[in-house]
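The form predicted on its own is given below as one chain in structure tokens.
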Amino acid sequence: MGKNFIDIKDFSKEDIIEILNRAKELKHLNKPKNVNLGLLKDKNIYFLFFEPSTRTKMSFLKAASLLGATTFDFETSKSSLNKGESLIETLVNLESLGADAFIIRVKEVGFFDILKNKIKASLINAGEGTYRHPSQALLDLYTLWEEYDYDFEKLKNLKITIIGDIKNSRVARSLLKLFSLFEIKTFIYGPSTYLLENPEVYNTEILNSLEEALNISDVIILLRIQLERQNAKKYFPSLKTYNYFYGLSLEKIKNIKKNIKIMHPGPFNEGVEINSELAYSNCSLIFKQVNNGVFVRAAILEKLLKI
């Protein structure tokens, strides 16, 4: 797997299974809560987030705490970056202070591909523009694996539909790569302006209606509209219109005969892609995803840094 965690395509299926199995062990070891396993007690991990984050950042912080690593939250807005220093120079300086890993979220696409050959410390992609978010994909796969009795063969029989702003979603791209690797059948649905132009590259198919998605899917993964990356009015008339045609609620799924599972990487927009009643219902895996993120990310950190 190497020293970095940047893109799903860099990992073998065996790498990923190893991470998921270790995440399962770490989840068991985290009882009672707030255990310090001390596995990375001599490691220094720096956080550099150039975009807002709650779930991912707190999840990685808690994962580092579980393993006993020392963490540093780099305040990007108060750094020498504002004086003209390049990000590469900043990281080289932090590396000189003893950084073993950088957990980074950036707006730009391709940043990690440039940086990976210039930094000796491990680079961990915590979200890269509209392109990649590999740890979110792994925690989603783990959640499904857990839900289906830790049986990868059962996952092969699933049909999963991703609905929403797929074009601007780094999560969707990482998920589609990962599900394809595990031979899970996927579909996508949403406004035509939000769909991928080349779905065949991701081994997925476009559906024609929400009804079709509900009827064929075992799992539906909802995505929020990436309002911060676009002028949404260019893509659909209103949020109310979007909710009517593409949003889900308990009312819309009540007549579905199968026990459909609902997922969302968060944050979700209530009343747009999902209503709160559905988000907090028994068919929702949303908060299990959040919890599982800690242990998957801890397994990632341990695999990269425990030498």
Ligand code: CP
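Every value quoted in this text rests on a predicted model; they were computed, and no experiment measured them. Numbers for residues come from their place in the sequence shown, where the first is 1.
Unshown form predicted in complex with the named molecule; subsequent notes refer to it.
Proximity to the named molecule in the model of the complex, defined as a heavy atom within 4.5 Å, singles out one entry of Thr204, Thr161, Gln136, Ser122, which is Gln136. The partner is absent here; in the model of the complex, the one residue of Thr241, Thr54, Ser276, Asn36 having a heavy atom within 4.5 Å of the named molecule is Thr54. Although the partner is absent here, Gly247 lies well away from the named molecule in the model of the complex, with no heavy atom inside 4.5 Å.
Shown alone here, Arg173 lies farther than 4.5 Å from the named molecule in the model of the complex, counting heavy atoms only. Within 4.5 Å of any heavy atom of the named molecule in the model of the complex lies no heavy atom of Arg132.
Proximity of Pro267 to the named molecule in the model of the complex: non-hydrogen atoms within 4.5 Å are present. Partner contact region in the model of the complex: 46-54, out of 66-74, 46-54, 23-31, 277-285, criterion any non-hydrogen atom within 4.5 Å of the named molecule.
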